[in-house]
Every structure is written in C-alpha cells, then in structure tokens.
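Shown below, as structure tokens, is a lone chain in the form predicted alone; questions about how it binds or moves come after it.
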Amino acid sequence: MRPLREAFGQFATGVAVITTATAGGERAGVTVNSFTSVSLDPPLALWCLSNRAPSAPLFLRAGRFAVNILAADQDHLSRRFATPSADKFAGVDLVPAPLPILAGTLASFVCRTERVHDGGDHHIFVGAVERYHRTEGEPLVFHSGRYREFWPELTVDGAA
C-alpha cells in the first residue's frame, strides 16, 4: 500500500481545507489535496474524504461545504485541519458567513452537496458551486509528502 501511496504522491497538488457546519452549529474541517473542478456549466467541484474520517458523518449530514484554497503561507492551517483536535477552529480567523470560511485564502467556494459517490475507501463529494471568491497570490503546494514552494521567475541577462 505504501509504494502506491508514494507513486500517487508524485502528482503535485494544491492544498485545501474543506469546512462545513450543520443547522445545529456543529462544525468540521479537514485538509485535502483531492479538490478539483468538474464543470463550469453547471459549476461543479469535487473532493474526497476517507470513510474512516471522524468528520465523515457530519459532512454527509450537512448538505453543504466550503472549499478553502490555501496560500503558500498557510501551511499551519493545513496542519491544523489535518490533525485530530477537539476544536480545529479555535483561534482561526474566519470570514463572517453561514459556513466556516477561512480568512486569507486564495479562493473559497461555497457548495451545496449535489451527490456523494462511493469511491472505495473514500466518499466522493460533488458540489454545486453557489458562491466563490478569489484573490491573487502563491498557492500552498504538496508533493511527495512535503510542502513545496514555487521558485521566483528566473532571468537570463536581465530578461524575464
């Protein structure tokens, strides 16, 4: 299993934190690198969550989720939401919204859960994008089990 995981890890990805909240106020958040756009018309996005994740039942019940695309300087948020904790949101800056949206991210998408598919040992969530926001900046990148940084543009003889 480990060699397969390492082979999959050769694909560099961005890092996102998926958050949700139920009508009763229960919140959950999890770090993923499985986010992708599916369709522009209609606007759809997907992400995957382990069937064994403690937050899986809450995500399945909530019916909505937010995708928070992390910036290069937000690896601390990636680690926080990847680690089990009684309250992953304690001390985290949030944008005022019905769903928990992390402040300072490169982009966020508020989605209604459209479908959940069985994906072996994962749930595959497909969401209809209801709202989104984006800013400029460098993304947090994950490759081969480590966070990576982009190199600044190289110049040759002063030309970019």
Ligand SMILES: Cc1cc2nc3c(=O)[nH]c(=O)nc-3n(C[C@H](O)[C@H](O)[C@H](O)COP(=O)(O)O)c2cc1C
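One-based numbering along the sequence shown. Keep in mind that what you see is a predicted model, and the values were worked out from it rather than measured.
Form predicted together with this ligand: not shown, discussed below.
Figure note: of the listed segments 129-137, 50-58, 108-116, 37-45, the one touching this ligand in the predicted bound form, with heavy atoms no more than 4.5 Å away, is 50-58. Although the partner is absent here, Ala62 lies well away from this ligand in the predicted bound form, with no heavy atom inside 4.5 Å. Although the partner is absent here, Ala72 is not a contact residue: none of its heavy atoms lies within 4.5 angstroms of this ligand in the predicted bound form. None of the heavy atoms of Leu102 is located within 4.5 Å of this ligand in the predicted bound form. Looking at Val30, you'd find a heavy atom of it within 4.5 angstroms of this ligand in the predicted bound form. Residues are counted as partner-facing when one of their heavy atoms sits within 4.5 Å of this ligand in the predicted bound form; in 74-94 these are Ser78, Phe81, Ala82, Thr83, Pro84, Lys88, in sequence order.
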